[in-house]
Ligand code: UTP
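Given next, in C-alpha cells, is a single chain: the form predicted alone.
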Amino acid sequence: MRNSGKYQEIRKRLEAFGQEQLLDTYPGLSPEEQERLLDDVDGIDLELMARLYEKTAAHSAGGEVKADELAPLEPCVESELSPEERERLRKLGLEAIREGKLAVLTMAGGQGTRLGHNGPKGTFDIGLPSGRSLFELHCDRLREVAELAGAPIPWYIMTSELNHGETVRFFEKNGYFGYPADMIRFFPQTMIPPMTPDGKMRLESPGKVLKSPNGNGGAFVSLKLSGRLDEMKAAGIGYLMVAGVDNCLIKMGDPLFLGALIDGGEDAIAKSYLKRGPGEKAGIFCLRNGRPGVVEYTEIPEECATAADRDGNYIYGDCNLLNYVFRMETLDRLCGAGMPYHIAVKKLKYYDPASGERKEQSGCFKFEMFLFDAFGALDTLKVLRVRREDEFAPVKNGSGEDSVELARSMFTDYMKRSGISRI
C-alpha cells in the first residue's frame, strides 16, 4: 500500500473525531483514487466541523432578536433624487469605471436543480424570445455600461466544485458573449462537508467526500484563497460590486449605485426594495446595537415587522436585494476576518459504503456563511432603496413565488418600459 503512512496518519486523526467512516471505501480503491481521497479528507478542518456540530444542538431554538436591539437604518431613496442629482452620481460612477476602478463579482456556484435545469444556474434560459441565459443577460448589461464608460469592467465569476468546468466551457462555447475574454475571471467557491443528524460526514462517491458550497458569505474567503483579491489590488481596483446570478434584473456595473458610494464615503453600499407585507420572506436592513446589519424575517420581532409610519410605510421595510458595492480597503479587511456559519436543516443524498448505493436522509445539517453578516463589522453602510419592479426578479423556483414565469414577465415589462426592443 503506497500511501500506508499517510493513510495511518489521517485515519488516526479521523478516529479522534469519530469520522473514520470516511475511509471505509479506501481498501477497494485504486492507488490513484486512494491518493485523491486522502487529499480530500486531509483538507477538512476537523476541529471546525466538531464545533459546528456542537452548534446544531441549539439550532432549533433559533437566534432571538430583541426589539430594543434594533433601530431603523434610514435609506437613500433613488426615486426621490432629483434628475440633476441622479446625473451627478451617475457621472461619478462612470468616471471611476473609466479609470479602471470597478470590478464586478457574480456569485454563481449553484445548480438549476429547482428549475428542472441540468446545469449551472447561470446557464438557464428563462424563456425570452431571444433565448438568452442568465449569464448572457448579465453580460449584455455589463457591456452596455463598459461601452458607455469607454473601458471594459473586469468580471469575476465565483463558481463551485459542482459547476466550475461546465461554467467555463459554457462561456468558451458562446464566445464569452462578445465580452473581452481576458476580462472574465473564474474561481471556485470554498466547499464544506455537511453532516447527518448523528454528526457524521459522508461520501459523495467511493473516492470523494460529500461537500457543499459554504454560502454567499464564502465569497470573501474564496476571493482570498484563490488569489483573486491580490489580483484586484495589484490592478488598482478600488471598488467591487457583488450580486447573485439568479436576479435577471440586476443592474450590472450600475454607475449611479457606484457613484452614491463614492459620494457618501461609506464603507459599503447595498440596494434594498420596500417590502409589501410584514411577513415578506427577506432580510431587513436595520441597525442592531448601533451597527448596520440585516435581520432575517424569521428573527425580527413582530412589533418591529409590523411597525409603520403615519403614511403606512413599514419602518423596518428595506429588504435585502443581494447587490452591494464594497470599497477595496473594506473588502480587504472583511476577507481577513472570520465569518460565522449558519445552520440549515436539509435532506442529504450520499454514498453508503455498506450497501454500495446512494442513500437519502432527512434532518441533516448544511453550514453556510451569509454576506450580510459582514455588515456588522462595518462602521458605515449606505442603503439605496430602488424600485422592486426595476431591479429584483429572482429566478429561484419553477412555479409560485420567485418563479421563472414571474421573473420573465417582470423582465419583459421592464424592457418595454425602458423602450428596449431586444427581449
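Everything numeric here is computed off the predicted structure, so don't read it as measured data. All residue numbers refer to positions in the sequence shown, first residue = 1.
Omitted here: the form predicted together with the named molecule. The next part is about that form.
Novice: Tell me the stretch among 223-231, 208-216, 269-277, 94-102 that has any heavy atom within 4.5 angstroms of the named molecule in the model of the complex.
Specialist: Of the options given, it is 208-216.
Novice: With the named molecule left out of view, which of 258, 134, 158, 321 would have a heavy atom within 4.5 Å of it in the model of the complex?
Specialist: Residue within 4.5 Å of the partner: 158.
Novice: Under a 4.5 angstroms heavy atom criterion, identify the one residue in 368, 40, 33, 389 near the named molecule in the model of the complex.
Specialist: Result of the distance check: 368.
Novice: So, residue 164 and the named molecule: in the model of the complex, are they within 4.5 Å at any heavy atom pair?
Specialist: Contact check for residue 164: no, nothing within 4.5 Å of the named molecule in the model of the complex.
Novice: Considering non-hydrogen atoms and a 4.5 Å limit, does the named molecule approach residue 342 in the model of the complex?
Specialist: No, no contact at 4.5 Å.
Novice: Evaluate residue 86 for contact with the named molecule in the model of the complex, applying a 4.5 angstroms cut-off between non-hydrogen atoms, and reply yes or no.
Specialist: Output for residue 86 is no: heavy atoms all beyond 4.5 Å of the named molecule.
Novice: Please check if residue 78 has a heavy atom lying within 4.5 Å of any heavy atom of the named molecule in the model of the complex.
Specialist: Close contact is absent here: in the model of the complex, residue 78 is far from the named molecule, nothing within 4.5 Å, heavy atoms only.
Novice: Heavy atom within 4.5 Å of the named molecule in the model of the complex: which residues of 235-270 meet that condition, in order?
Specialist: Residues within 4.5 Å: 244, 245, 246.
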